[in-house]
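Take a look at this one chain, the form predicted on its own, written out in structure tokens.
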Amino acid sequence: MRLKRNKSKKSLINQANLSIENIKSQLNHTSDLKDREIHSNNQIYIILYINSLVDQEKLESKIIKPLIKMENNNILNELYSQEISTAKSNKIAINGLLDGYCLLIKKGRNSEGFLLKAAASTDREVSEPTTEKTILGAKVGFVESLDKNIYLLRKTTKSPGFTVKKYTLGSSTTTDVSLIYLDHLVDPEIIKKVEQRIKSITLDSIRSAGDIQDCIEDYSFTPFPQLLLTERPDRASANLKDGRVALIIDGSPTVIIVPATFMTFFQTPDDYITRWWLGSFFRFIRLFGYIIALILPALYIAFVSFHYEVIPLELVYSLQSSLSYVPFRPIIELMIMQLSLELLREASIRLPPSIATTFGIVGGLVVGTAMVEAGIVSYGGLIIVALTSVSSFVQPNIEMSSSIRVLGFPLMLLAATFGFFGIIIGVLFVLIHLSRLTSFGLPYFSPFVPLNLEDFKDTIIRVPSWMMYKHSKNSPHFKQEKRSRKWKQDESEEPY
């Protein structure tokens, strides 16, 4: 019965002629759907709008008052709404009403109406994103408004090649998504793939950027993220200038960048603000921290379980005395610590910032110390888990940081079973897996596999900007002028 009613509604929506009664029926005669009759210049107009989506002051001052004072019937010239468009079907009219437009129809003439924008604005102010802090970078972050996010991106990417394409996703509830790129820099094949994957999305509704990410990424079951999520306009702009594509979702402050390689997740805006050798050093520290967070617990288990001989003798005695009071094997001990840490981390995210700080101190120090004194874990295990946690926080990207937490557990199991040999097998498996991944056709582990020395200029190290006269294969059309430091040659040629 319900299915039949929905089919009936769908047919009414697709009717060519406008009908106020049909529109009200499609919107279930919702209480906040209002209509007003306006008499002007010997004509009767009907304004239909959703009260909760419309700015009342804007409606009165820019639409109703000018409509009443209108001396002729030229609506396009007399009304002051920012956007006016025609609506010739129920479907267009309903979509406009749901976007905060008013529908203006001349009574007795249902063939055509006008959609006038009077949407209420409840957007929050632009502020620095809490998940991507920088020291010297811009203190600006994306918000939940699609138009405002496009404005923020345009402001930092002034180019005639800046192109925006809009899509509406979802069959039950609709969400607007904008595809943005620089036409003269992007690879047309990447645009083709992104558009093809977006158009293939048939979800009933889009809840967040994660829904789109799940549908368009190349591999859903790998722990490594293949799309870069950012809340920073400067970071999104820098990736557009590198020939990548941005996806902005209405209602979300998170912007999706495609394609992304493994090393993309270790770059931050500060790398390009500080001098090149400082940026390179900090990028190397992040990569080192990633490796430490990945294999340090496994190395500890292998050392204390199989390979005592590689540890200095004094340290062996210290570890042995600490471990002798722990009733569990090292793998169980570290598993307990890691799971406890994950619980503390998840709990602190849900708490208000003021309470989370206190909770972190109590959880990390007091509980950790109590567990050691109770003989549940050893001092060595506590130090290893603390170093692992600090190293994982060095990563500038949350998703890449989370991949370490997931991969650490199987590596610990391999180390507890096979020692160093198990760690080598696990690391080789991870490297082979990374080498086989792609992101929209781009090798994920480039420039390591396949080896491309040209692209090393902006991976582990960052060379000075004037040396990056050509960017990676992501931007085949982009080529900088090599003469940025021509002044150096000119000065050397001047006579003393």
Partner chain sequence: MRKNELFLIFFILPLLTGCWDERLLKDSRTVYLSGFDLDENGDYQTTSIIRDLNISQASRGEISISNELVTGKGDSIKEASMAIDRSVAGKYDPAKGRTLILGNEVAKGDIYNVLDSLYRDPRVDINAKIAVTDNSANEIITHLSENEVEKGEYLYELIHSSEIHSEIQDITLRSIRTYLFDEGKDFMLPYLSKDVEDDEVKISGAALFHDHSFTGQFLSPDESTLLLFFMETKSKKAILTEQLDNKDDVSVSYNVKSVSRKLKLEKEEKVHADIMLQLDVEIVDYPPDHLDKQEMINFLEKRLSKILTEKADALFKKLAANQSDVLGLGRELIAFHPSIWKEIKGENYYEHILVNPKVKVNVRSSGIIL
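Model, not experiment: these values are computed from the prediction. Numbering follows the first chain given and starts at 1.
Separately, the form predicted together with its partner chain exists; it is not shown, and the next lines address it.
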Distance check, Trp276 to its partner chain in the predicted complex, heavy atom within 4.5 Å: no
4.5 angstroms heavy atom contact with its partner chain in the predicted complex for Glu128: no
Its partner chain contact in the predicted complex: Pro330, any heavy atom under 4.5 Å: yes
Heavy atom of Leu313 within 4.5 Å of its partner chain in the predicted complex: yes
Contact test, all of Phe288, Phe393 and Phe409, partner its partner chain in the predicted complex, heavy atom 4.5 Å: no
Per-stretch contact check against its partner chain in the predicted complex, the hit in 290-298, 304-312, 192-200, 153-161 (non-hydrogen atom, 4.5 angstroms): 304-312
Listed residue (Ser348, Ser318, Ser340, Thr254) with a non-hydrogen atom within 4.5 angstroms of its partner chain in the predicted complex: Ser318
Listed residue (Asp183, Glu373, Glu112, Asp147) with a non-hydrogen atom within 4.5 angstroms of its partner chain in the predicted complex: Glu373
